[in-house]
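The chain below stands alone and is given in structure tokens; this is the form predicted alone.
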Amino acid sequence: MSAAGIIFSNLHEAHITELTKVRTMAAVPFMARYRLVDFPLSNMINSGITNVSVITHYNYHSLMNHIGSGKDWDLARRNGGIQILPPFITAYANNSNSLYSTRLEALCSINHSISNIKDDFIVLCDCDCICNIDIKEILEEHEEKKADLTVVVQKKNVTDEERAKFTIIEADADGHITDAFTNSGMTSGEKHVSLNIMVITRQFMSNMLADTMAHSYKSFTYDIIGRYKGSRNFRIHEFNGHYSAVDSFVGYFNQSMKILRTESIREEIFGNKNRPIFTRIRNSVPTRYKTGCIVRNSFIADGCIIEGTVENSILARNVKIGKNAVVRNSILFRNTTVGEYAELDYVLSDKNATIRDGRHLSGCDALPYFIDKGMNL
């Protein structure tokens, strides 16, 4: 049994435009040291998948810089390894000649690359799947059940306000998919929600894409799962661990804070020695905690200089906190500088931002105060 991986780097960028104006979703920083793409990449590597493609759209310079040759994920290989696939406009592009907007269109745009895959199975994963999951277990179940498609799901209590965010998967007692839909008026209550992680048999993938391009299908949910569910062996795999996805700017902030404040979640994601989360290694100097500084319950990357107070916050590399400054409940991206006597509470700053001496900036958990990249306040 062999498998290849395909990661969608930017399908959900409209959810978090504050952070995706200058970078693709996959390159959005997360938990001080990581980027969102690190989670699906690590899950694949830990499951023995060493042939990985990342589909891009635009704004992918920072993603390429982060991944590099792939050596930090053990993907700098003579055979297989990692490749970034930029948009490929073909005769199957839509009439306006614009780039893809759905998962199915994205797959069609790299059909030439998929046709060269020789592995038995293909793992599809969005870039914002924040979890630590054993994909090898899913592959073994997929092969044992002789499935054409396996969709990873989790049981959630879906409210009326949340139903537009999820793809609901219905299945019988044996795990066969019987229906799939999004934004339905009948979805409230406890439902199986797709985690946007799927295993698909290579031969079915080839036939599916040929049919898609012949009929101009758009939606994976309706045009593939909906059309083929009765004639193909589509199954679910239920995942019971922690899973979160970025569905909004506020959601990004609150998910980060939830992981920071909940030890059991941190241990599940980052503490599994058999399935570590890898990221790009930078040989930076250690963080300097100067005399008189106070740090409580925070994630702080290397290269920082802390002279003030930091509480319940996430600091990326090379952040500087001035004397008598106070940073609480905040996320500061790389190279952010906080001046002396400044106070931040529920603030998210993009990289290279400067908060001058004495500034007081405050948001709340429902609406964090956002500082754009390079801003000087």
Partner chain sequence: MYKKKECIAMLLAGGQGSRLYTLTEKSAKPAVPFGGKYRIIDFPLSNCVHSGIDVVGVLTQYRPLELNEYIGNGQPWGLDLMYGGAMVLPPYQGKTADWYKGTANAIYQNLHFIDRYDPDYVVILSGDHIYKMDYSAMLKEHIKNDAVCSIAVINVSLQEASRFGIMNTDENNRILEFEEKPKHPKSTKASMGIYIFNTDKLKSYLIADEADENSSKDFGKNIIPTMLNAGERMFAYQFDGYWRDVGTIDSLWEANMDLLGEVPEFNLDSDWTIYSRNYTLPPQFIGESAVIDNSIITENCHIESRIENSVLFSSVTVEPGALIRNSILMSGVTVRAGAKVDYAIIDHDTVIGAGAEIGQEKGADGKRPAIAVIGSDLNVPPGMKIGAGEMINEASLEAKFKTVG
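Positions refer to the first chain, counted from 1. Computed from a prediction, not measured in an experiment: that's the story for all the values here.
A second form of this protein, the form predicted in complex with its partner chain, is not displayed here; the remarks below concern that form.
Stretch-level contact check against its partner chain in the predicted complex with heavy atoms at 4.5 Å: of 304-312, 346-354, 47-55, 60-68, the positive one is 304-312. Using a 4.5 Å cut-off to its partner chain in the predicted complex, each of L260, Y289 and S298 places a heavy atom inside that distance. By the criterion of a heavy atom within 4.5 Å, M31 is counted among the residues contacting its partner chain in the predicted complex. For N283, a non-hydrogen atom is located within 4.5 Å of its partner chain in the predicted complex, even though that partner is not displayed. T279 belongs to the set of residues with a heavy atom inside 4.5 Å of its partner chain in the predicted complex. Using a 4.5 angstroms limit between non-hydrogen atoms, I114 is distant from its partner chain in the predicted complex. Though its partner chain is absent from this view, in the predicted complex it lies within 4.5 Å of a heavy atom of just one residue from D72, D223, E140, E170, which is D72.
Checked against its partner chain in the predicted complex, the candidates K156, R266, K165, H176 yield a single residue with a heavy atom inside 4.5 Å, and that residue is R266.
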